[in-house]
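Given next, in structure tokens, is a single chain: the form predicted on its own.
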């Protein structure tokens, strides 16, 4: 995974780096890629619902990078759909001591696809919709607010927040009403954050159609037949993007740090 990163001698500082949804897919890849770009004595905090997978990611990262750069890797098992999970994560961040920390980096990657087998007119139960939005919108906002409150603005501290977005934040996909709604809401949420907190570097990054379990679910379950055929065609023709390739573009954005705060940037635009 590390081979996808440019060998330029740049780094992301002595950081507390938090990645949600870090046990698999894009979050897991980012954990590996970021590990080699954090200064010694940084802390990498991995968050997900599943402890076993998180611990495996931690062990693999420590084997690869932990000794050479004194990286501390911490795992937090938390369900960010629930208030207790968000509070547990924020408390874990507060208890983290990074001496001379100069960068707080929060990557909001945790998300779910939702039920993409049905169309908008079938979602008549507000409780079902609210359950989806709890993780994908409410949890992301509450976690971001809690972490930024825990590490307020101070001289010498760079604070960066990344929202893993999607083309679905901008374009309607039939039978994907929950996912499109969640992604659109998150994009606007982080645009507002950028306007309210000008010292915080905020980025919504759309990683493109990644070759992940979520894409497999999309190919198998999408209720819109044309959309399902399109995804199947992309898969069979090798047009899906690897997590490593997309992650490298995101990391270059973070290293260059010249994007407009609050911007939505897409893999294909870079």
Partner chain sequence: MSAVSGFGKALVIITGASKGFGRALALSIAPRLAAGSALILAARSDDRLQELRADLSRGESGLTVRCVAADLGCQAGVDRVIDEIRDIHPDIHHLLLFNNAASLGDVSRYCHDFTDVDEVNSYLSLNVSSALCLTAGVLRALPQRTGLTRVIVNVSSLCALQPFPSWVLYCSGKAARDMMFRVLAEEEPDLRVLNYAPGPLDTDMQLQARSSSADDALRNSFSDMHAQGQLLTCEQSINKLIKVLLEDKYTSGAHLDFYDL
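Given the structure is predicted, the values throughout are model-derived calculations rather than measurements. Residue numbers count along the first chain shown, from 1.
Although not depicted, the form predicted in complex with its partner chain is the subject of the following passage.
- Contact annotation: residue 97 falls outside 4.5 Å of its partner chain in the model of the complex, judged by heavy atom distances.
- Heavy atoms of residue 173 reach within 4.5 Å of its partner chain in the model of the complex, making it an interface residue.
- Using a 4.5 Å cutoff between non-hydrogen atoms, residue 126 counts as a contact of its partner chain in the model of the complex.
- Residue 165 falls outside the set of residues with a heavy atom inside 4.5 Å of its partner chain in the model of the complex.
- Here the marked residues 88, 157 and 213 all miss its partner chain in the model of the complex; none has a heavy atom within 4.5 angstroms.
- Along 117-144, residues 119, 120, 121, 122, 123, 124, 125, 126, 129, 130, 133, 134, 137, 138, 139, 141, 142 each place a heavy atom within 4.5 Å of its partner chain in the model of the complex.
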